[in-house]
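We begin with a single chain expressed as structure tokens, specifically the form predicted alone.
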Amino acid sequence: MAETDPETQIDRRQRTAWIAADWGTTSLRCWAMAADGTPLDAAQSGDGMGSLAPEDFEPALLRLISDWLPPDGAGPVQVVICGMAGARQGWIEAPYSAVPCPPVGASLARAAANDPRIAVGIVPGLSQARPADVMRGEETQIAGLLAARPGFDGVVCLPGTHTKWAHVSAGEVVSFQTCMTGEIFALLAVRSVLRHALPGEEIDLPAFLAAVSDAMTAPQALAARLFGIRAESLLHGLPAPTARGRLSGLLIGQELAGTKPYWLGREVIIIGAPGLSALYAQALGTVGVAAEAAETTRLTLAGLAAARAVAAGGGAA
């Protein structure tokens, strides 16, 4: 913990009403929450689902939250977790809720804990039968958005390794689509022949936007245009930021071409990391969609609070 003052720790323990957690594949984030929903403290680690066996989840959680817990015998603190802790390879599998449905309308899956100071509940993900699709974690952010905007009717774009496009109406997720754009970018940038043209992290925005337009105009040419990045690097010394911008633009443009039924004619809100969200907003701007970006942590905490309220029988928060 960042703070080690004993009086501060005692005060935090007394004020912590519950604990919120977002457990991803590569990281774990936790927040000590006051009764009014205010975060009192935060902690994170690299103990993601992908590196843990089922018996490792509780120790990994306790390493982050032990300073927030009451003394033994004082009763358990509720821990509400979203994300990959509920995956088949996670702590315990939390069954999916089938769309159309509220994003966090189902009961929490209970994970057995050996430490009597915690009671752990995991938010179920969402599933779609046709076309087959699943999500874990993003449903909580959508719930947070609906807590702030109960009447929202439109599309939520959640960019990341596996970007989600979700149609939301009447308080429910109606349908959604997942695109592996982020993972494909990472594989091409690290494992393919294109890696030689892509050192660094800088992205040239004009090159990105031009590539978005190219991919949407002729998505069938994607494979050839990808190799063109390598060829132009060899023959004409294509700068690395231009190459990265072109690769990102081609892949996101291809994604937009495939998800047109989601964003065309609808209000779009983007929930994700600021840099990537900005690229998606710029890309959508090329087709006349003025997408709004939302702050991820705030919506995650609001969604976890909503899931906690549903578990308590009080409805969405």
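On a predicted model such as this, the values are computed, not experimentally measured, just so you know. When you see a residue number, it is the position in the sequence shown, counting from 1.
Although it is not shown, the form predicted together with another copy of the chain is what the next lines describe.
Heavy atoms within 4.5 Å of another copy of the chain in the predicted complex are found in one stretch of 75-83, 117-125, 235-243, 100-108, which is 235-243. Against another copy of the chain in the predicted complex, the set M180, P219 and G228 is in full contact: each member has a heavy atom within 4.5 Å. In the predicted complex, F152 stays away from another copy of the chain, with no heavy atom inside 4.5 Å. Proximity of S248 to another copy of the chain in the predicted complex falls outside the 4.5 Å heavy atom cutoff. Taking the partner from elsewhere, V168 is found to have every heavy atom lying beyond 4.5 Å of another copy of the chain in the predicted complex. Another copy of the chain is not shown here, and in the predicted complex it never comes within 4.5 Å of any heavy atom of G37. Of the residues A210, I184, I203, V174, just one reaches another copy of the chain in the predicted complex with a heavy atom at 4.5 Å or closer; this is I184. Note on contacts: among A94, V156, L194, L145, the single residue with a heavy atom within 4.5 Å of another copy of the chain in the predicted complex is L194. For the partner-free chain shown, Q254, A257, G258 of 245-273 come within 4.5 angstroms of another copy of the chain in the predicted complex, judged by any non-hydrogen atom.
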